[in-house]
Ligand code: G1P
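One chain follows as structure tokens, the form predicted on its own.
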């Protein structure tokens, strides 16, 4: 059973500057809630019991958000606003934190989770990407595949050719509907991408991935790329499956998607 999730949140959020100079991208407001809270909600609704958030020293605000404010609770009670207490109720999940001293790649960030993960399978959820639940959450779909196949699983989505250079892109063989065997993965291909299926921000890994991350040398952007560790594992015939999801996804690092999700959730909330 997959009961642990890792959310790497130590990056600089350069796509959303200048606001991310002072406000972490994970805390960008979306209809009264910070972006990261939608991921935590997805994790809880997917059966996750423990979350590790990887932060930098500039992101204590995330830790503050997931802590009780006794003063605020008392204020609301005293001012006959107890009905607002439910809005600041903490999620039913155990949240831990670890600091990443320097943002030098997703692979380096994930490596910091080894002590937290121990010998259990675990999920990785990238906070740039909010994926809304439909029949089930995106993470539930990956966990279901993992429990049936006992294989590493990666979420995939079809992307326009012009956008593939921003993602990891996979070469695949179709196993069954929306489920693929991943034969190769390429990080941000400049030309000739192996398919139109891009890796998006949800993964399920077996814990042996840590053995491969530690041997990875800096790659694109002079960073430790998670994609490079995955490719080494594939070359060693370690199984990776790809699940093409149909859930509505927003990349909040793109201003257009950030505006779209606010409009979408506001319209849904108000029945528009």
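Positions refer to the first chain, counted from 1. Just so you know, these numbers come straight off a predicted model, no measurement behind them.
The protein also exists as the form predicted in complex with this ligand; that form is not presented, and the subsequent description refers to it.
K.L.:
State the residue from 231, 46, 247, 225 whose non-hydrogen atoms include one within 4.5 Å of this ligand in the model of the complex.
P.N.:
Exactly one residue meets the criterion: 225.
K.L.:
Exactly one of 124, 199, 142, 113 has a non-hydrogen atom within 4.5 Å of this ligand in the model of the complex; which residue is it?
P.N.:
Going through each option in turn, the one that passes is 199.
K.L.:
Contact with this ligand in the model of the complex for residue 188, defined as at least one heavy atom pair within 4.5 Å: yes or no?
P.N.:
Flag for residue 188 set to yes.
K.L.:
According to a 4.5 angstroms non-hydrogen atom cut-off, is residue 205 in contact with this ligand in the model of the complex?
P.N.:
No - in the model of the complex, heavy atoms of residue 205 and this ligand never come within 4.5 Å of each other.
K.L.:
Under a 4.5 Å heavy atom criterion, is residue 167 part of the interface with this ligand in the model of the complex?
P.N.:
Yes.
K.L.:
Residue-level contact is defined here as any heavy atom of the residue lying within 4.5 Å of this ligand in the model of the complex; does residue 106 satisfy this criterion?
P.N.:
Because a heavy atom of residue 106 falls inside 4.5 Å of this ligand in the model of the complex, the answer is yes.
K.L.:
Quick check for you: of 143-151, 67-75, 125-133, 81-89, which stretch puts a non-hydrogen atom within 4.5 Å of this ligand in the model of the complex?
P.N.:
Comparing against this ligand in the model of the complex, the contact stretch is 125-133.
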